[in-house]
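Before any questions on how it binds or moves, here is one chain, the form predicted alone, in structure tokens.
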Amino acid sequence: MTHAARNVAIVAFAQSAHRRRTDGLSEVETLMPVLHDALGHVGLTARDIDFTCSGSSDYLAGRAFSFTMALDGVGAWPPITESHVETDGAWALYEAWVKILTGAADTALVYAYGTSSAGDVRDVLTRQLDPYYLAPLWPDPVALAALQARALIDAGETDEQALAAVAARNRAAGPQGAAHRPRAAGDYVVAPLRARDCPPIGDGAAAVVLAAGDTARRLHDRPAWIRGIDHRVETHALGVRDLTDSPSTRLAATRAGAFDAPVDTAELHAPFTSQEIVLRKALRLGDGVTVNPSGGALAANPVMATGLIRLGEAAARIHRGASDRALAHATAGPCLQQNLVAVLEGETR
């Protein structure tokens, strides 16, 4: 199901400062200010929430069931209805959206966090690859993204100058406090990708509040209505994919209704500059669309929260009247393997 019979909206969004390291801070200490901020925007407490869903990765945290400790930040007593996805929080939002559509909840709290500084994130993310053929070779996300970038350049769809322009625009738009992001081109990390083309490594968290129908209208003067949302996945085998295209993104966008009417804003989860080129083509984004006004994943990339932040940033622009119809995208897996697309709209009273 992609189009909602019951209207559901994002009514609040909050995120932490994005830091290179958060040594000495637990997940609970990182999350609590963000959760309180999101709930405070709409005057709710944890007891007012019908369903809670989170996204994170035990591989990143370095211990099993780390999300159960993070629940201390929410408060699990009195007992709450809760779920967790072992991936980016955008997919936790999808689960919460479905929960509200069924009528089992009117409000939901969705949050995600990532502590990439706890280990070598490039090594950690090799564990998501095919365990028989790819993972034993330890190709990290930068090396695989470089293959994708080289394929785009060889196909004549981009060049290093165009990639540099993507990096400059995103980082100029990003939060000035993200001091860990590269300020210069740098040497090649894996050719043809330079430091500027790769995401920063950092820690952070984000949270959104969802609400249905009249509840959403009561909580916010201009809710960001989720008009459609869908996610699709491509084969695990990179060798049988055309890395210059993203059919799963295009299909998810079609099913979410992204092509039914023009969008004015697009928040794209593109950790590498070359991936923005792929996504722009798949999503048919013209020059009139404002892409990543937040800076996107090239400005701040708390792995497992970055996709949820794209949804939150798109919603925030609708909340403040800067956008009327926005597209938000999230990805997981190597080279844009799995993609989620949502269409958000505001309304004038």
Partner chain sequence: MPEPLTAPLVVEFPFTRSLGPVQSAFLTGLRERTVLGVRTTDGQVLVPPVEYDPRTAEEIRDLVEVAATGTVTTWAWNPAPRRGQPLRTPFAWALVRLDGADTALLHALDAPGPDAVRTGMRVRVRWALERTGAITDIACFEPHDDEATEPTERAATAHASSPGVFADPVTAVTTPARLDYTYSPGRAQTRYLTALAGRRTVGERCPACRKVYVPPRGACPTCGVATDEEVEVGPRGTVTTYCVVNIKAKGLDIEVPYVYAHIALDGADLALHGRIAGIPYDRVRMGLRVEPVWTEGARYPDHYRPADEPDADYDTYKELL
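Numbering follows the first chain given and starts at 1. What you see is a predicted model; the values in this text were computed from it and never measured.
Quick note: we don't show the form predicted together with the partner chain, though the next part is all about it.
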Legend entry - Leu251, Leu144, Val85, Ala105 - the one with a heavy atom within 4.5 Å of the partner chain in the predicted complex: Leu144
Legend entry - Proximity to the partner chain in the predicted complex, single hit among Leu101, Ile277, Leu243, Leu219 (heavy atom within 4.5 Å): Leu243
Legend entry - All of Ala165, Val263 and Gly288 with a heavy atom within 4.5 Å of the partner chain in the predicted complex: no
Inset, instruction - Work out which of the listed stretches, 309-317, 291-299, 32-40, 278-286, brings a heavy atom within 4.5 angstroms of the partner chain in the predicted complex. - result: 32-40
Legend entry - Non-hydrogen atom contact Ala173 with the partner chain in the predicted complex at 4.5 angstroms: no
Legend entry - Distance check, Arg122 to the partner chain in the predicted complex, heavy atom within 4.5 Å: yes
Inset, instruction - Spell out, yes or no, whether the shortest heavy atom distance between Leu25 and the partner chain in the predicted complex is within 4.5 Å. - result: yes
Inset, instruction - With heavy atoms only and a cut-off of 4.5 Å, decide whether Glu95 touches the partner chain in the predicted complex. - result: no
Legend entry - Members of 120-142 lying within 4.5 angstroms of the partner chain, judged by heavy atom, in the predicted complex: Asp120, Arg122, Asp123, Val124, Arg127, Pro131, Tyr132, Tyr133, Leu134, Pro136, Leu137, Trp138, Pro139, Asp140
